[in-house]
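In the block that follows, a single chain appears as structure tokens, in the form predicted alone.
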């Protein structure tokens, strides 16, 4: 007799969608490096193309033949199945060959010429550059609202014409300003155009923040970061409550050819089960370091969610975040020279962009990750010359604290 029950996420992420008999009995999925796939019949081929082109939908339980690896492949299908349990309330996912590929495919799918996007600011520099340099010339209007300003975001959404997408990056990169996801979703749902709400959840999710449960339609990740965790592959993921939205993204992905390749899918799939373990360790490390250094004399301001002083920011944090995460932003006295001296003085944390890896990384956002922004945009977003972003890894927090403290002491 077969037992039927709903397994928990930590079990589903290892078992969902995987049949060992299709991998010669292998306990874990194999890598399928095929570019094209043999159809079971001409009729099955025709049916596969109908579904791939959106002319038909698969019937419940229907086994649709694969076509070509640019459209989909076994390792992508396995990864898309097994990442879903990590994201609360998700039903489907699409994987991409970078985080930028994921978020730009969202824009290109849901924001036609003549439409409007409302977004929080600051955004990751690459996202802002895409909006300014590519999407705006295509006839899409982008309206920027300061992160954390719920009233301004509500007003911008209500006033926007032909509004197709509301993009919320929270916490904002690198200022860590939090925006109220539930309030943004409520305002979007009240708009007559019923725009989609997408959340870039790279900094806190899926372990610490759950946008779909708060009313968002889409949640986007640079899976290069915490989902992968080892700074050795590029990937992106978009998840949704509504599988129809993911179907549309897959259609655009097939045209653009930005699906994640089999080897990277296989690597990322094997790491999903460790996401909560790594993120919990990193968050605990960061909390200890931030608390110890908040009053260091070289620090003008230390920004970390557990130490927010602004009542509104604390309200948002307490409402939508389970833990404060592993990013610490330091504003150092002395501007750029102080920031560069600090980065040169680190011996355990490395001066590099990206974040979310098991190793600690630090960078100067104004001249690296956000250098695409104009001076006016940088100043408006509060990305100062003395700002340093620290991504805390899984090293001993005692050693990391000593390393960061010594680098700060070098400024005195």
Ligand SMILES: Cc1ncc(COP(=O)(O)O)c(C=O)c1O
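A quick note: this is a predicted structure, and the numbers were derived from the prediction, not measured. Positions refer to the first chain, counted from 1.
The discussion below concerns the form predicted in complex with the named molecule, not included here.
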Residue (of 305, 195, 206, 99) lying close to the named molecule in the predicted complex, criterion heavy atoms within 4.5 Å: 99
Single option in 282, 120, 75, 173 placed near the named molecule in the predicted complex, where near means a heavy atom within 4.5 Å: 173
Among 332-340, 100-108, 77-85, 180-188, the region lying within 4.5 Å of the named molecule in the predicted complex by heavy atom distance: 100-108
The named molecule contact in the predicted complex: residue 124, any heavy atom under 4.5 Å: yes
Residue 355, heavy atom within 4.5 angstroms of the named molecule in the predicted complex: yes
Proximity of residue 225 to the named molecule in the predicted complex, heavy atoms at 4.5 Å: yes
Contact test in the predicted complex: residue 235 vs the named molecule, heavy atoms, 4.5 Å: yes
Sequence-ordered list of residues in 301-326 near the named molecule in the predicted complex, where near means a heavy atom within 4.5 Å: none
